[in-house]
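Shown here is one chain on its own, the form predicted alone, set out as structure tokens.
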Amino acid sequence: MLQRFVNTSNAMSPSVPLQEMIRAIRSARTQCEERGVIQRECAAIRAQFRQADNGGRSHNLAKLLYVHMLGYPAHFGQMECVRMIASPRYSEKRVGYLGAMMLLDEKQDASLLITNSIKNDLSHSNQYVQSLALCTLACMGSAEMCRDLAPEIDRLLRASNSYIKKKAALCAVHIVRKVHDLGELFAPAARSLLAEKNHGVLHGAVVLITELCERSPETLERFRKTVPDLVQIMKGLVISGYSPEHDVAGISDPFLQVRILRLLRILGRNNEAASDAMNDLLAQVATNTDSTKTVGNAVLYETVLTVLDIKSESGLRVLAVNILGRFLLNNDRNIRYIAMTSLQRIVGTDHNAVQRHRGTIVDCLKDQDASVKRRALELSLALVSATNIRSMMKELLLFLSSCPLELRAQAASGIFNAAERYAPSQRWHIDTILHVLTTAGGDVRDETVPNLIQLITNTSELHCYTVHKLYRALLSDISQQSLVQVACWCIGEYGDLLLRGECQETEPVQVTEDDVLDALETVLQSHMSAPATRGFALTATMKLSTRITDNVDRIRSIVSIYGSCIDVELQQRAVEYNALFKKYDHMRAAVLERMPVIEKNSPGHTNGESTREAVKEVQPAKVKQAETLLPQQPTSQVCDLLDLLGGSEEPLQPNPAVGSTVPVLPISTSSTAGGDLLDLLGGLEPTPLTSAPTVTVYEKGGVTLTLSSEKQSDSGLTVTLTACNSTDSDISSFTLQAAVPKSVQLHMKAPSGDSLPARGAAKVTQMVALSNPNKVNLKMRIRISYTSQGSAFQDTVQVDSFPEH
């Protein structure tokens, strides 16, 4: 081991060439041994840097740069780079400039020391020395260096040497990016470079003009006059014969062609005259470019982007869409992906042209690549229309049955939206949604259940068909919670139609009362049932007590069992239903009658309501209040219960059998018996005659939060917060947190949901109860948190005043 250490030390003498040092470093067996070799070599390099007369400076700096490439510190070589740049020898200048580009940046003070050397070398008689200075300035030039040396670069842009003009043009691009104001300095020279024949100079000129046009609208207008020159240059490239110097896979200088097409796209955007001047050229490029090679596809793709971005002719846009359609048939998945990305951008404006490639796009749903599959799904959903809804929905439903888990929610949501917009019939609409719930019921949005319930309620002619179909689905699978919830609701509402067994739309099935109750009991007892699902099943069981005749005692037994359930929500339902059986049996038929038609977007039935909140009992506080009043006021027991359930159609008179003179409690007359039933099943307050004033307290990033308040008492205030999402992407994990002064008591009730669908399809509401006994100045700070497109957002807003009803 010691002998190897001695041999290594001898091998690493200061005169060892770069190749020998690399060989010694690579032969190190451990990282510790490699680190030791580099430390000894760096020590030797430092020692030689200190010598006044050092003939091997470039040799030592080259070794130091290799050490820097390995990730070891090499900052002590910065001043040596400055000294070597000032050397008159080209070999030392070359290594010095290379070291400056690697070891220096604009944040280093040492970089300012080379400004004068670069300025002198820009005027050097040797073109290669000038090239070194231009490359260094373009690589690490700071804003101060760019301002000082910009006149020199402008002078070199007008030089006679094509090699220098090419380097100067690219250096000017860096200067414009660093100091925008210097763009005007280079504009005249850049315009004159378009007359050059050298492709390198033309490439640099086009890049420079593109940078200038993107940063200044005035410069853009000035360079629109160069469109004919650019068209001529591009035509020369397209129709030119074979040139070994510029040919790449049969395409003449594709790099220059792509740059020119990008510049034409900028110049033709929102300008009809410039667009007309380049239409013929774009058609020529689109038809004459070979699409069998990747190089040709790159040129065609830039041509397509240019055609779609300028004010081009309709025929040319169809040609561009057809090129993208050919890309979809390419074996390269990257090409297919960019084709679908481009089609997604134009499907709104060129819908018919994209429709011609619908079959190819649908075939991409079977691709193994997840990114291609996602793009194909987005594009397929965008292509759904009233004319192709049946055929497209078959493909989408087939895709849903086998798609990856991460795409199911997006596919289900897209299918729901398409079915709602283009459904050819109500029955088809219901069948489609039920198919989705059967396939991916666990991946649908919360508002799917209330929306489907609303759809079923409004199609009275299909009640019998729907309840039979849902009953069969419930028997076959109870794992899909959304499907089970809708099935339980329909059985509770239309159980009499199911028991009747007469249905013209489907094959009749003889179902007994025991069969239906067995199915509901299975849901209640299943470990797969969520608390909300059990609530649906218990309510459906209770509703069947008015729709069947022979098994009422069994229903009473089922309901009483859940009166001691560990789940508070389910226990509350059971206790209230038991009260209906024992004390208010004469009202049970009226309370549990069939739901009326639900008006879409009516108060209390917004599409954005969460399923778990849309079907919820009245608040526990009201139950306690009723239980307190019942023993003290026997004559008003019925009134208390009606008040608990939400009001009656007309004021109720005292029960004559009781004979008490206790005054009757006032009861709201603003709602019907159907409205009472809605309150029983939804935990909803009676609709007020006038709405409370609403103010917008937050509007940022597409999320809007409005606030309305209603004074409940001298010190009590109820605040309603409503959130809406106007962006094109769904928002999840939406939460609201509130803080008030210490003397104010705050109670936040459960929100209506935690997701905000895109484009305002639904809203989230949250009630906040405030008690201000000390009458302090009321303020509230609200924290908004949500996740959008995989990124978490959080913001805070303060409310200093509250609108009162």
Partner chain sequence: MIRFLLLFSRQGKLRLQKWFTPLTDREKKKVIRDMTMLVLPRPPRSSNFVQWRDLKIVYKRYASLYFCAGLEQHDNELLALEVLHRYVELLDKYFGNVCELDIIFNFEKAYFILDEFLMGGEILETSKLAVGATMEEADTLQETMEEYMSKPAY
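Values in this document were obtained by computation on a predicted structure and should not be read as measured data. Numbering follows the first chain given and starts at 1.
We do not show the form predicted in complex with its partner chain, though everything after this point is about it.
With the partner omitted here, the residue from 420, 710, 148, 253 that has a non-hydrogen atom within 4.5 angstroms of its partner chain in the predicted bound form is 253. Of the listed positions (131, 526, 385, 344), a single one reaches within 4.5 angstroms of its partner chain by any non-hydrogen atom in the predicted bound form, namely 131. The three marked residues, 357, 594 and 703, fail to reach its partner chain in the predicted bound form, with no heavy atom of any inside 4.5 Å. With a 4.5 Å cutoff on heavy atoms, residue 350 does not count as touching its partner chain in the predicted bound form; it lies far away. Residue 297 belongs to the set of residues with a heavy atom inside 4.5 Å of its partner chain in the predicted bound form.
Its partner chain in the predicted bound form comes within 4.5 Å of no heavy atom belonging to residue 46. Mapping the unseen interface onto this chain, residue 547 falls outside it, with no heavy atom inside 4.5 Å of its partner chain in the predicted bound form. Considering its partner chain in the predicted bound form, the lone stretch of 469-477, 138-146, 386-394, 275-283 in range is 138-146 [heavy atom distance within 4.5 Å]. Residues of 72-90 placing a heavy atom within 4.5 Å of its partner chain in the predicted bound form, in sequence order: 88, 89, 90.
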